[in-house]
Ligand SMILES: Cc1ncc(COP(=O)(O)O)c(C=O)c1O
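Have a look below at one chain only, the form predicted on its own, in structure tokens format.
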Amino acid sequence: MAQRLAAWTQVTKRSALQDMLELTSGPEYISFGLGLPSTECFPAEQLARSAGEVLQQSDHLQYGPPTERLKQQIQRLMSQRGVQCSTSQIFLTAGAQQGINLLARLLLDPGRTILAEEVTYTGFLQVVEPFQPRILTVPTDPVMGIDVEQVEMVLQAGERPACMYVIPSGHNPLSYTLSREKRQKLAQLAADYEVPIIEDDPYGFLAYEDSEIPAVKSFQPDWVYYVGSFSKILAPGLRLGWIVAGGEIVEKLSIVKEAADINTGTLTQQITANFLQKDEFTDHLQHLRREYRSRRNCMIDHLCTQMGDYASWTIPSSGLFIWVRFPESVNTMELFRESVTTEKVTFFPGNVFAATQSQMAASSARLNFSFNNHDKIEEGIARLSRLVKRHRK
């Protein structure tokens, strides 16, 4: 059977994310691994009311074109990210992951070059794997983010990648939020060298400071393809996201998506549109920000108390993660294996996210703070601290 499969499948491996889903299903585990939003924060009652109202019309259970009123609501949301767009530039997807996948299928030919950070989201690497691309990596930093000067040097040297992939807000896994100046520079480089940027922005609405930095697309409408999602700000079970791109790209996306799954679920679109039209989203988002800020602060406080002498981190201004850096002598993959068996705490070792060999990643770990309540966070960090202390002896 293996000989009948595509060549790339011979070397592909099962996703660490999927392994983690199975591994942490038991109640004895405290999971800091997956990027799960808080179940308690889902607006279940409001969505249930919207679903009841929508289901009074049976045509919402039929195949149908993209919902215009949902696009109008997304258009309003995009203005909050500094992006002015028409509804014709909004393309609905079954989550951000599908958005990245569809764009990759449009932009990549087998063997083409792509540009990414040396430590980046595993889902993007999975998406491009079937194309067996040449991956150019540039340095990145948990505080400052992607090295934009290095990006410019690569392009000046004559490289013309099919696309560049960035997560500018609440980076997964490094948790940084890119400065306005770096976003402007990246957008300008995309236009100058005609290299499209895939801007993955699932955490852009989860900013914990007073001001939000506009999306990269706000600085360059033509060469940046914005990918958004309701998974982290409403509920992942909706499987609903969007792309903002030019009309020609949207037309091509519709062809690619039809081949994949015909269309995004009509019922999900209508329920979400109904919810957003009631203006309940603003209160919900404010609640999310308050709750996640509190959980972030809780994890930071306990990291400081329990591991302040032998690890370092930065306080994320958006997103769902904290990137913890240990001394180079610590191998977090080994730490993870022991943590699962002895302390019943899961997290993601940094090298899961490494596009190339990276010492910084090998001695780091990504911790999620959004899923657990304060008591679970305190207990989980205490368990991890015991483990790390044993490794230091």
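All residue numbers are counted from 1 along the displayed sequence. Here the structure is a predicted model, which is why all the values come from computation and not from measurement.
The same protein also has a form predicted together with the ligand, omitted here; what follows describes it.
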Requested in this report: Given that the partner is absent here, state which listed stretch (301-309, 228-236, 250-258, 180-188) has heavy atoms within 4.5 Å of the ligand in the predicted complex.
Outcome: 228-236
**Report entry** Among the candidates V154, L276, A215, A96, the residue which, in the predicted complex, approaches the ligand to within 4.5 Å (heavy atoms)
**Finding:** A96
Query raised in the report: So which of I167, V244, I146, V119 gets a non-hydrogen atom within 4.5 Å of the ligand in the predicted complex?
Result: I167
Requested in this report: Evaluate P202 for contact with the ligand in the predicted complex, applying a 4.5 angstroms cut-off between non-hydrogen atoms, and reply yes or no.
Outcome: yes
Report task. Answer yes if any heavy atom of N172 is within 4.5 Å of a heavy atom of the ligand in the predicted complex; otherwise answer no. Result -> yes
Requested in this report: Would you please decide whether I100 lies within 4.5 angstroms of the ligand in the predicted complex, comparing each non-hydrogen atom pair?
Outcome: yes
